[in-house]
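For reference, the chain that follows is the form predicted alone, supplied as structure tokens.
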Amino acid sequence: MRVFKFGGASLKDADGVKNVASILQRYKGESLVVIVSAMGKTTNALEDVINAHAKQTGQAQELYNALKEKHYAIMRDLFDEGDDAFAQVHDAFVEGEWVLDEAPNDNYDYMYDQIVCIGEMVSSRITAAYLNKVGLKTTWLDARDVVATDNTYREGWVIWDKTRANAARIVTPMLADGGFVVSQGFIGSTSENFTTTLGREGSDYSAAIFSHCLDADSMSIWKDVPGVLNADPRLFDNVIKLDRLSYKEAIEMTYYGASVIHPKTIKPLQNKNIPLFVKSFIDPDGSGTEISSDTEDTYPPIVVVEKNQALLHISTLDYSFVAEHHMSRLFGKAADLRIFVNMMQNTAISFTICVPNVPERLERFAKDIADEFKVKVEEGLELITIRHFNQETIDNLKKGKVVLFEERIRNTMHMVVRNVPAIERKAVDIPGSK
């Protein structure tokens, strides 16, 4: 039994859906759970709808209707007029209409989850219907009936014992009946049946949850790259594919921002020793990358660039030392606001942290600690992480940048940098990659 995950890039249009179906034809007759993301940039479009509704700009319904028409246009390329798929997709869109018909909820994160989930619901309906149309027996499954979470909206924490029980009760009989099961990534449900999401780009994590709970033999993520690369090819030349990775190395890469896999994906797989394959939906015959326990630990330099970072320079108002009780309060507040700390450093009376630049959360953070601390925010930064670094790699990556903050821990180096505007980074080689 396997679990496959297809992201938005693979399902961005009718040709994408047809290509996914052609890949799945190779596995006809196998026991397979297929997790899909929203189509193309649908999640971004739904975020625009949510923001318009929250601010009551009057444009929310217009934006939503445009998104609906985009999906119906894709469907007209896939189905005959009057196909049941149109009614199924219409019903999925109605779920979002109900939220838009009401006044904006005071809890923005709650409202966000109830609307943004529509992308996955519609995508999975279209995919399941098309697979059935081309002769691949497929059962559609609402992931919210399986993935149980707490009430942390936009970052739901999985309740594992309940989710495992749901998977055994619902999914196992579906697989025993034959054919594929198609479900959604990114979403779960609270005990009150409210939709939650698992964090942006969380469909990989959803596939890992299903893999873990169903004791899958393997999990595969289908991407638009040949496998896991040692750097982002959009930023660097002469990158290479890594044929094999250990769970540990994959966790390190995703923790520091490698976008090829969601950070939470590896742990549920490693706990049951389930291998993960990163494959190309453009070249499905390619070897891809295998992530498992049975791998070597010798790697070339691996570079991860995480953009849109901010440095928070925090200092005490009364010039007292930054002591343990100060740290406790600062980290407690960061945890409450889901501010992820990438790097940190302290002096006698100040504390500096590198975090993703989410303005509304950082503003709330500064406001909530203003009685004891002053906060200065430095924006427009990048965090560069180099695993298995060498000096030549470091020197190359520092070209055209001002380094504001750096640290080295064993075989990992981090740098918070600001680009010098006149310098282009593209075409910079990564030493050791050739």
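Keep in mind that this is a model prediction, so the values were computed, not measured. Note that residue numbering begins at 1 and tracks the sequence as displayed.
The form predicted together with a small molecule exists for this protein as well; it is not shown, and the discussion that follows is about that form.
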Of Arg169, His325, Lys272, Arg234, the one that lies within 4.5 Å of the small molecule in the predicted complex (heavy atoms):
Arg234
Position in contact with the small molecule when the complex is considered in the predicted complex, options Val89, Ile353, Ala216, Val225, heavy atoms within 4.5 Å:
Val225
Can any non-hydrogen atom of Met253 be found within 4.5 angstroms of the small molecule in the predicted complex?
yes
Is Glu201 part of the interface with the small molecule in the predicted complex - any heavy atom within 4.5 Å?
yes
Within a 4.5 Å heavy atom cut-off, is Ala14 in contact with the small molecule in the predicted complex?
no
Hey, in the predicted complex, is Ser259 touching the small molecule, heavy atoms inside 4.5 Å?
yes
Name the stretch: of 355 to 363, 225 to 233, 173 to 181, 138 to 146, exactly one has residues whose heavy atoms fall within 4.5 Å of the small molecule in the predicted complex.
225 to 233
